[in-house]
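Okay, so here's just one chain, in structure tokens, the form predicted alone.
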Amino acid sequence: MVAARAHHSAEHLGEQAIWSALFSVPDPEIPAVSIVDLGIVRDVTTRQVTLTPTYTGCPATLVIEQMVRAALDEAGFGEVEIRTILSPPWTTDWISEEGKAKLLAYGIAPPVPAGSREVGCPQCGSIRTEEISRFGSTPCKAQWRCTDCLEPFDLFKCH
């Protein structure tokens, strides 16, 4: 019984250490947020890290896997497998509140509820904004502009 508790405790500590290592991995396209903040990290065990990219064809998927491998190796978890799954698909609901705040501080409007047209400008806070293009600098963002301060900005698309 004591050995089983000690094993469970050691496994829990190992998982916490892996999570800590993953929090240091920035998203390659938005370095202000970690892949954990974005909800790309789906599950962690001492045997496997499961990732889900923001888009099925996300061009950063391979880079993210390489960065995760490097972070795990550096933290002493070279034996941990990295698995990428596409189902269920990633959703902006998985972005943490801290991640949304980091996006905003970086100048990217965090996702708004589906169907909402009230997008706040990350520069001045105005909600007098308009979509310029459904396509932004990456597939997960759209290009918007504030009609008050006239600054363009990206909106992280809700999906």
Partner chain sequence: MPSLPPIRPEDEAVAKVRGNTGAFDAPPVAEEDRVRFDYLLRLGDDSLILGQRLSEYCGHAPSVEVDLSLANMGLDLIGQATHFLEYASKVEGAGRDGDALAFRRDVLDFRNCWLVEQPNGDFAQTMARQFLFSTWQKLLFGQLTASADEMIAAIAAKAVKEVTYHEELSAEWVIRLGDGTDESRRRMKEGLDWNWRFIPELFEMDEIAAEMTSRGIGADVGSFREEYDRKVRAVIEQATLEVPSDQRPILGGRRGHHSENLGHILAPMQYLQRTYPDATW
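None of the values given here were measured: they were computed from a predicted structure. Positions refer to the first chain, counted from 1.
As for the form predicted together with its partner chain, it is not shown, yet the points below apply to it.
For the options S96, S126, T91, T45, the residue carrying a heavy atom within 4.5 angstroms of its partner chain in the model of the complex is T91. Candidate site formed by Y55, A70 and L86: every one of these residues places a non-hydrogen atom within 4.5 angstroms of its partner chain in the model of the complex. When contacts are judged by a 4.5 Å heavy atom cut-off, P28 counts as touching its partner chain in the model of the complex. Among residues of the shown chain, P59 is one whose heavy atoms approach its partner chain to within 4.5 Å in the model of the complex.
Contact between G136 and its partner chain in the model of the complex is found at the 4.5 Å heavy atom cutoff.
Taking the partner from the other structure, its partner chain in the model of the complex has a heavy atom within 4.5 Å of a heavy atom of V63. Only one segment in the set 118 to 126, 34 to 42, 97 to 105, 47 to 55 has residues whose heavy atoms sit within 4.5 Å of its partner chain in the model of the complex; it is 47 to 55.
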